[in-house]
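Presented below, as structure tokens, is a lone chain in the form predicted alone.
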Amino acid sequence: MNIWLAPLHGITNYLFRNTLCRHFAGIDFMVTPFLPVQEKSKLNVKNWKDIWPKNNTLHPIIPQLMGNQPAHFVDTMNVLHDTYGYEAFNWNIGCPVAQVVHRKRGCGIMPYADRVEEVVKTVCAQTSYRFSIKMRLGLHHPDEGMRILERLNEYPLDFIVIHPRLGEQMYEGTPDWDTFDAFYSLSRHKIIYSGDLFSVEDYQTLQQRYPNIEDWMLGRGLLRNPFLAEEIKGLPTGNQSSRFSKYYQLWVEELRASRGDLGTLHNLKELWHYYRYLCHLDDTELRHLLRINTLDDFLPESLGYIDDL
């Protein structure tokens, strides 16, 4: 059984990934937040610090790409291979953010099965890289995803990650596992499940429902609980207060060195929307924490919540 770290744009960059891997076990593979595909003449991948090999020595990563022009995928993949040696790539057609969708990227491409197939067909015909897709059930209706899956069966994809929601749902409501059943039955490819895995019980329930799925992607669940991959795999978690405190301290130091105090404070406030679950903060406690505007008050020794894990 393999556990994957999901790509969360603006959060799971190489600093986050490395800090996480130094303190927690159980994660086998990682997909990076998306990178924009471009024609070769406009590419400057040496600025893409997130996928520099020297920044990713602790775990294998797969660069995730975003776009809708077949030739741009080929150009970008060839340059990344020639520059950094990457041989596997993932295409994001599941991002539900409005700014992305409006440009017919991410989940915004899902109503256009012809274009999705054109990209996959071009990549498979013109390259020998391992190519995979991360998708949702559709943007507005599951028929969109079904049409795509039917066409993708023709091509040698490495795997398909499926989140069982529509793009228009964002992360609201309950995942549609009945429709996921139909997608899973239809596809001839290896399926990685992604979505609402927040606890060991969640994993066990879904593993019983899908006993042949061997790969599981954790995103928001791992942000809420960095011990989750260890817990799912039955690994000892030890003193969680001490371990989380050391992890959090290193993460603050990494952020401070790269983003300064103001950027670090902004990032930590975003992450405490997730950490609140591990530290059992109620709404009032979270509001109080988010009103703090001094970074020193966000350090481990200032946060009594961590001592109570």
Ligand SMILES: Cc1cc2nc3c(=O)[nH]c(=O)nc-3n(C[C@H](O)[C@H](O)[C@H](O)COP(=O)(O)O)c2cc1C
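Residue numbers run from 1 along the displayed sequence. Everything numeric here is computed off the predicted structure, so don't read it as measured data.
The next section is about a form of this same protein that is not shown, the form predicted together with this ligand.
Colleague: Have a look at A229, L166, V120, M217 for me and say which one sits with a heavy atom within 4.5 Å of this ligand in the predicted complex.
Modeller: So the residue touching this ligand in the predicted complex, by this definition, is M217.
Colleague: Exactly one residue in I11, C21, L295, L286 has a non-hydrogen atom within 4.5 Å of this ligand in the predicted complex; which is it?
Modeller: If I apply the 4.5 Å criterion carefully, the residue I get is I11.
Colleague: Hey, with this ligand in the predicted complex, do Q64, N92 and S194 all fall inside the 4.5 Å heavy atom range?
Modeller: Judged in the predicted complex, Q64, N92 and S194 all sit within 4.5 Å of this ligand.
Colleague: Where does this ligand sit in the predicted complex: which of 139-147, 181-189, 195-203, 74-82, heavy atoms within 4.5 Å?
Modeller: In short, 195-203.
Colleague: Classify W272 as contacting or not contacting this ligand in the predicted complex by the rule of any non-hydrogen atom within 4.5 angstroms, answering yes or no.
Modeller: No, W272 is distant from the partner.
Colleague: Please tell me whether any heavy atom belonging to F34 falls inside 4.5 Å of a heavy atom of this ligand, as the geometry stands in the predicted complex.
Modeller: Contact check for F34: yes, within 4.5 Å of this ligand in the predicted complex.
Colleague: Would A6 sit within 4.5 Å of this ligand in the predicted complex, counting heavy atoms only?
Modeller: Although this ligand is absent here, A6 would touch it in the predicted complex, with heavy atoms inside 4.5 Å.
Colleague: Since the partner is left out here, which residues of 108-135 would have a heavy atom within 4.5 Å of this ligand in the predicted complex?
Modeller: Residue within 4.5 Å: K134 only.
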